[in-house]
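Read the single chain below, which is given as structure tokens and is the form predicted alone.
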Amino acid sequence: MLSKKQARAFFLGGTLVTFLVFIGLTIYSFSVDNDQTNHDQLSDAAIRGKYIWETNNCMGCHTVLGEGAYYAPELTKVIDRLNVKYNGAGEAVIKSILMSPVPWQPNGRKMVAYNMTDQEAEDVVAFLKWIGNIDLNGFGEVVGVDRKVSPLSK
């Protein structure tokens, strides 16, 4: 059994150690070497695509990076998945869906016919490509797609 003095010392010591570990991990995660956002590859087209994504409330049905609704497919690595499924034609499939004048109905679910212009569809594809290139430490990776190996997986 610990005395009151020993229990207090144990509590304060454990709290201090935990706090220091938390601060250390916070500093580590914000260091430049650990930046996985690929913000340096953000293009004007991807920014316009993000604007189109937001103004059309795509997140009302889809998820990106785990955020959004679950009615429609997760789109974080959608181009990689479609490239595997359609032999490298993932971007063309997305563009054709976005530019279609009729609603697209996969698996009984109905997607609004956005009837986008070629430029708008290209911008949304640029946004999805940028999102798909964020290093997620293996989350959402597609089997059969070559990616750099994480040092943690060795």
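Heads up: residue numbers just count along the shown sequence, starting at 1. Note that the coordinates shown come from a computational prediction; the quantities given were computed from them, not determined experimentally.
There is another form of this protein, the form predicted in complex with a small molecule, and it is not shown here; the text below is about that form.
Under a 4.5 angstroms non-hydrogen atom cutoff, the small molecule in the predicted complex lacks Asn115 among its neighbouring residues. Using a 4.5 angstroms limit between non-hydrogen atoms, Gly88 is distant from the small molecule in the predicted complex. When the small molecule is considered in the predicted complex, Asn56 lines it closely, a heavy atom lying within 4.5 Å. Within this chain, Met111 lines the site of the small molecule in the predicted complex, having a heavy atom no more than 4.5 Å away. When you look in the predicted complex, the only residue of Ile47, Cys61, Met99, Leu65 with a non-hydrogen atom within 4.5 Å of the small molecule is Cys61.
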